[in-house]
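In structure tokens, the next block holds one chain alone, the form predicted alone.
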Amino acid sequence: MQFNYHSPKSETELAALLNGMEDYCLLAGGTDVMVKMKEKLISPRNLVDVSGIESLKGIRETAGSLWIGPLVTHRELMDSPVMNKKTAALCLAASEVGSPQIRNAGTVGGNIGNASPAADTVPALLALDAKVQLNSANGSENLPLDKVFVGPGRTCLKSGQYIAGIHVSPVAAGEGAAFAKFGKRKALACSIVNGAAWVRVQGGVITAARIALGSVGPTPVRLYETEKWLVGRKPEPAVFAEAGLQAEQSVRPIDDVRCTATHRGKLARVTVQRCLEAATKQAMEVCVCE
């Protein structure tokens, strides 16, 4: 396999390089790209290694949100004190990605850019209202994360665009978030179903909710209708059970080597129910403590 290797050291250099370039692939941690190239699933003419761009690394607090650099590894996310304090569900999702070796190399931006329906960090990011900043030589735009995915392995990124940052909302007092995953084994498991939920509880009722699922369709999904249905209802088992049933009825999973579509639907129901239970428990505990 022959390709041209590029290693820009700044975003300015990256944007200029990608402007007008054809048939390229961005390389961050390489845990997906290199495997695909080795198996001849992709054969880009240009391989653009972005791992040396310092401005795409790090985690920092901004006004009302947390900024995650696309080159942040899953291990760095797991070990971040601020992320564990304010987005523990996302840290848990990162801990479920692959193996220690993959978590040490694989990046959050790569998990998004790879656009796998089973990506473990994506449901947690969706539940935390993630926004993705897309840069290019022509400017910058911010999109809700669920608008980035257009199909299995496909994103909306135009030629020349790259992920420049991810903004997520921290979990505040009176709020809770949770993540859950089902796989065929405890480690190195591609998700059969994964999911996350975020809720706000005020005055004994749910006042806002976000629910996301992966591995139940061609892209990860937000359950907007169920989120609306939850608002104004008490956080109790019967409500969570009904929300889970709505999830099972709304998803469109497929049969594959890991699971049947029917079983995936049932797991979607259980995932939503468990995540809502855990998220509301956290929200109510925080309320009591404060």
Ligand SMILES: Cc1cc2nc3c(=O)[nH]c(=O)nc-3n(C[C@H](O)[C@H](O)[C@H](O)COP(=O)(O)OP(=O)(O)OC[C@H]3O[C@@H](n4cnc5c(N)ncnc54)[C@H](O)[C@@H]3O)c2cc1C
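Bear in mind that the values here come from a model prediction, so they are computed numbers and not experimental data. Numbers follow the displayed sequence, beginning with 1.
Just so you know, the form predicted together with this ligand exists too; it's not on screen, but the next bit is about it.
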Exercise. Kindly indicate whether Gly29, Asp32 and Glu96 are, all three, within 4.5 angstroms of this ligand in the predicted bound form, using heavy atoms.
Key: yes
Self-check item: Proximity to this ligand in the predicted bound form (heavy atom, within 4.5 Å), stretch among 137 to 145, 113 to 121, 167 to 175, 216 to 224
Solution: 113 to 121
Quiz prompt | this ligand: the contacting residue among Ile192, Ile206, Ala212, Ile163 in the predicted bound form [heavy atom, 4.5 Å] | solution = Ile163
Practice problem: Report yes if any heavy atom of Pro253 sits within 4.5 Å of a heavy atom of this ligand in the predicted bound form; otherwise report no. | Solution: no
Quiz item: With the cut-off set at 4.5 Å between non-hydrogen atoms, does Gly244 touch this ligand in the predicted bound form?
Solution: no
Quiz item: Taking 4.5 angstroms as the cut-off for heavy atoms, does Cys91 touch this ligand in the predicted bound form?
Solution: no
Quiz item: Does Cys25 make contact with this ligand in the predicted bound form, using a 4.5 Å heavy atom cut-off?
Solution: yes
Exercise. Using the arrangement in the predicted bound form, list in sequence order the residues of 62 to 92 with any heavy atom within 4.5 angstroms of this ligand.
Key: Pro70, His74
